[in-house]
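Given next, in structure tokens, is a single chain: the form predicted alone.
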Amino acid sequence: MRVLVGVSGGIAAYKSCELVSRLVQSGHEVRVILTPKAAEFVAPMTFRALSGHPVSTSVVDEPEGALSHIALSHWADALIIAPATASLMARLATGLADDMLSLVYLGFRGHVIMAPAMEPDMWRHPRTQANARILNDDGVVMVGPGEGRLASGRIGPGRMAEPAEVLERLGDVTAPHDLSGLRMLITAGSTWEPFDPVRLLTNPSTGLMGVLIANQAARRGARVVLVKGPSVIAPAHAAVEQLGVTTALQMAEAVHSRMPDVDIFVGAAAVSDFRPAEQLARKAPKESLSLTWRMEPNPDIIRDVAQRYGGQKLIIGFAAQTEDAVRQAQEKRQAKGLDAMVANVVGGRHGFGEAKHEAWLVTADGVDAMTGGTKQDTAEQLLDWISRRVQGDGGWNR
């Protein structure tokens, strides 16, 4: 995505450095516009180094030639203004175009996100609130301001939203709403199977894959329930309903209790295959323990869901393998009666909790490599397939 970042003059301008860096790391092409006051807080060269592109600071000295404010307003897919001072908000609300950023704003017709930053009394002032309402009515999406300690030492509303929050809102406003109305149930993370209060059987899954799918599905309009194991640390989108569990039996119970109310199930959790047949109430000294411990199988949640709801709901599983991942995923998909299975490689240069991902989508129609090489790419491509499948089935069984 092509993103313009407009920076106005305030102490919070330093946060925009991190914002630009994160945008670039997320794969966006970024260009930066500084107001003259902003250039007094952060040097244009800083943003040039972070974005890899010339920085616009004035209409007179346009780095990409005459009328580049017009070219920029047509180039970008989204415009983020962070920080937005009270002065800038007032000028934009009244339609003034007296610098590069305001000129681009008036000519821009895409998504606009604004992160206000100012003193609490300035934010609370009736004129600032009126300007914020005008900008909202014009389609500007406000992020923040948050409450906390400001540069003046005062505490109250006026802190610029953190870059991560701005990035999340960008994902919200730019995502297609092709999953609107769909109800999805997603599992994520490992399960813990205790031997006693301090010893347990588990695996290294962090739940990142499941959380990414849940977050993107929520952005695309789906109503999402995330059943997550105790290892999940990645933050879930505010619109995602979260159910925390510990053991495989608890995860199975949570899944089966919610399945009647959903259209799509995605089993991305790394559920422990076995659990101790006996769980001690207290920690026993290791010297008193046997080196063998009787185990019993945990329920196969995906298989059980498919047996009960196959043909009624869309059911998708994940298969993490150290070798021959595609073949094993094909066999598992057929044996369990799933609509799709995502095969992915673990071990060697691949591991749990990493953003990198080598995966294939296995369906009755064949095998498709999931391109891009990250879990975010896998999540988006899986949801693209779900969207096409649902639309092809006339809306599935909603």
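All residue numbers refer to positions in the sequence shown, first residue = 1. What you see is a predicted model; the values in this text were computed from it and never measured.
Beyond what is shown, the protein has a form predicted in complex with ligand C5P; the following relates to that form.
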Using the partner position in the predicted bound form, report whether residue 299 sits within 4.5 Å of ligand C5P, counting heavy atoms only. yes
Could you confirm whether residue 119 comes within 4.5 Å of ligand C5P in the predicted bound form, counting heavy atoms only? no
I'd like to know whether residue 269 contacts ligand C5P in the predicted bound form, with contact meaning heavy atoms within 4.5 angstroms. yes
Might residue 207 be said to contact ligand C5P in the predicted bound form, defining contact as any heavy atom within 4.5 Å? no
Could you tell me which stretch in 44-52, 334-342, 368-376, 31-39 has residues with non-hydrogen atoms within 4.5 Å of ligand C5P in the predicted bound form? 334-342
Only one of 229, 83, 158, 317 gets a heavy atom within 4.5 Å of ligand C5P in the predicted bound form. Which one? 317
Note: exactly one of 279, 73, 202, 321 sits with a heavy atom within 4.5 Å of ligand C5P in the predicted bound form, namely 321
